[in-house]
Ligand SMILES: Nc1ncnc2c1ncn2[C@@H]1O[C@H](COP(=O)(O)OP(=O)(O)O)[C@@H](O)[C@H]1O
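Encoded as structure tokens, the following chain is the form predicted alone, with no partner shown.
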Amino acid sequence: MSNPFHPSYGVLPRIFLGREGIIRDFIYGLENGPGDPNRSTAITGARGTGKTVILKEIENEVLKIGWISVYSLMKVDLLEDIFDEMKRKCKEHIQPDAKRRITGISIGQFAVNWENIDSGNRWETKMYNLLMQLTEKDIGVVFEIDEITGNSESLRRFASFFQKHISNFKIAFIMAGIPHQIDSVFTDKVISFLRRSRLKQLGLLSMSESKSLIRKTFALSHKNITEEAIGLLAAKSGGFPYLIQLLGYEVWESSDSAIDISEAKVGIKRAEIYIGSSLIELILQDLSLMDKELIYALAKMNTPAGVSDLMAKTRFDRNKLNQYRRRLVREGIIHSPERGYVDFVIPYMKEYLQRDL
């Protein structure tokens, strides 16, 4: 009997819940035709809210309607990665790319130099040739770029190619990234047209959704869990899909049979060891020094904390404090439970920051 929870990066959970509308809208865009705005979609949200999982689920769904998906992580060799992945995914649908001609012969030590003549030297030419062959077979392609960032020449070239040919080929584009990185893409003047992409902001799962996800996932393994334990696990996760998987994994491992509140507490305690390295440290890497100054000051206070009290703990004036407060709210790190107050959104983050104080 295997553990039904999957806290590993990019691995689909056994039960997918709370994001069905995003997938439904995107698939509708593929079926509705080139003019549908969902064919260019941006998914954003804090780390741990399930952006990569949505891309993986879309990858499964597009296969059902006869499309293929090309998934890439944002990196320096983005264009070649996209091309190589596309060739791998559609190799059964396209002609071999080995049309070659002799460019030179040397006598003595006999040698023949070959040169490809069908793919061209430019990435755009190679992509165009592949898409032409797929279009002849009425096969569409969904390009997925994860962990996207702005100020990238590779992304500019890809996006410009996509814009130029979206009416010629069956293609769609979905990107995923944390909020300020999506913002950097949207404000890039060269590819400002991407602002027209449908923006899907991932929030937290509700308490009822969290409980349902936990209950249904445990049911897959036939290991019973009490409603009290489900409630504690849902509350401790804070509605973060990743934390549900991590906490659920350790809680499932905490007992060989039924799980009650005591076993749940043991599992949650074990999971807490990994939350700092697997989630909070990644979040901190995304923040500026000024962001960190604000959240470390907040960690020293009783929360929810008054904005005026927080200003007294930092070197920010009111305008600067409001600027960084709004930024951290958008990043999904803090929120305002009521007017004039702020608190952390991410479970365990305050406690983790206090270790460094």
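From 1 onward, residues are counted along the sequence shown. In this text the structure is predicted, and so the values were computed from the model without any measurement.
Here the subject shifts to the form predicted in complex with the named molecule, a form of this protein not shown in this document.
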Is residue 347 a contact residue for the named molecule in the predicted complex, using a 4.5 Å heavy atom cut-off?
no
Any of the heavy atoms of residue 52 lying within 4.5 Å of the named molecule in the predicted complex?
yes
Examine residue 327 and determine whether its closest non-hydrogen atom to the named molecule in the predicted complex is within 4.5 angstroms.
no
Heavy atoms within 4.5 Å of the named molecule in the predicted complex: does residue 17 have any?
yes
Only one of 81 to 89, 150 to 158, 180 to 188, 239 to 247 has heavy atoms within 4.5 Å of the named molecule in the predicted complex; I'd like to know which.
239 to 247
Among 70, 46, 62, 298, just one has a heavy atom within 4.5 Å of the named molecule in the predicted complex, namely 46
213, 131, 142, 259 - the one with a heavy atom within 4.5 Å of the named molecule in the predicted complex:
213
